[in-house]
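Take a look at this one chain, the form predicted alone, written out in structure tokens.
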Amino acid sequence: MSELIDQPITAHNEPEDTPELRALYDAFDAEHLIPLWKEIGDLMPMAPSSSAQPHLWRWSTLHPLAAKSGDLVPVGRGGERRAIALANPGLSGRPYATPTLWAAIQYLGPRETAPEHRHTQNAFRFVVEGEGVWTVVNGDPVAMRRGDFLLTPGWNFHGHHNDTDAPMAWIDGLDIPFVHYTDTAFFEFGPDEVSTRETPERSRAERLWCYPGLRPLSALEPQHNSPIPAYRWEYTDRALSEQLALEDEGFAVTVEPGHAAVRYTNPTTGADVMSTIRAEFHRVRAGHQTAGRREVGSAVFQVFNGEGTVVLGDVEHRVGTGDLFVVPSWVTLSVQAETELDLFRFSDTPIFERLHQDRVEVDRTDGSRS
């Protein structure tokens, strides 16, 4: 199966080059027509071949550049955010990590405020270090701390304020390229200042929703996006630790030996947190290597903690805390953990599952694929 998939389409019945054929092609051009037989290899490849490239960005480079922008570039209405996008080198200078996903490092200085706005694009924040910023979503202030995964689903007003004397940086993830490609984007300014400067330990939405297995009877209807504004690191960490502890006790609960993983979900449906973005967290034991895996759709990873190597296609990269890397569609990824390695992952998989175009292939230990 894989051998057939990897073979390119080649034409075996090229027509004879004649004046009549050239005249036909000229007529096609004049009418903005393109014959399939000249384009089938690009339009219908034997397997996905993304224009995006596997690529790695070093946190040790990104963070100082973001800090320098904090010295030179103000935050305010118009520019809206001091966010620096990861531009995939295969996407012709577009500010996209993959053809469907946008990722950036955002930096907010001491006592700064990023004004409120809303847009149809779904967004989230993931914090790899620091605290002191509150993101205010529809008037509800949500604390941002290391390891937290925070949601801002599309068309919700949101702004950020830093009430401390220290700067803070985090990564943003959005479906900007997908929304842009489908011509469905809307944007609207909100107040120049965030609607509240409160700094509660827990947001109102967390007080309502964040109890394992319990759901308020006042909100039983399914919601397209998760109502939970922040998935806290303490629970993510505990869930991963318990998976590995259970594995040590002889229970087969991990995705593969030495590899624990969880998916952030919408408690009203059990599905992904947002309709276009899947988010997961992976922990690989020190000394373990994950099976090679490739799938339809693209993903962005950030190393939350630890050191190791990742193999993207046939290229190996050493990674450490904060580093970000992109896995384009149908590129094989495997991870080798030198120390215990924690990885945050987000992807566009929900789009392709809804279109019934999802496909996954995993290398087995005997060298075969499934």
Ligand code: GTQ
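Residue positions are given as counts along the sequence shown, with the first one as 1. For clarity, every value in this text was computed on a predicted model and none was experimentally measured.
What follows is about the form predicted together with this ligand, which we do not show.
Although the partner isn't part of this model, could you tell me whether His282 comes within 4.5 Å of this ligand in the predicted complex, counting any heavy atom of the residue? Outside the cut-off, so no.
Is there a heavy atom of His117 lying 4.5 Å or less from a heavy atom of this ligand in the predicted complex? Contact with this ligand, yes.
Exercise: Arg125 in contact with this ligand in the predicted complex, heavy atom 4.5 Å: Contact with this ligand, yes.
Find out whether any non-hydrogen atom of Trp102 is located within 4.5 angstroms of this ligand in the predicted complex, and reply yes or no. Within the cut-off, so yes.
Going by heavy atom distances of 4.5 angstroms or less, which of Leu150, Val273, Leu174, Val133 would be at the interface with this ligand in the predicted complex? Looking at Leu150, Val273, Leu174, Val133 one by one, just Leu174 meets the 4.5 Å heavy-atom criterion.
Among Val137, Ala143, Ala83, Ala260, which has at least one heavy atom within 4.5 Å of this ligand in the predicted complex? For this set of options, the contacting one is Ala83.
Quick one: find which of 91 to 99, 157 to 165, 188 to 196, 248 to 256 has residues within 4.5 Å of this ligand in the predicted complex by heavy atom distance. This holds for exactly one stretch, 157 to 165.
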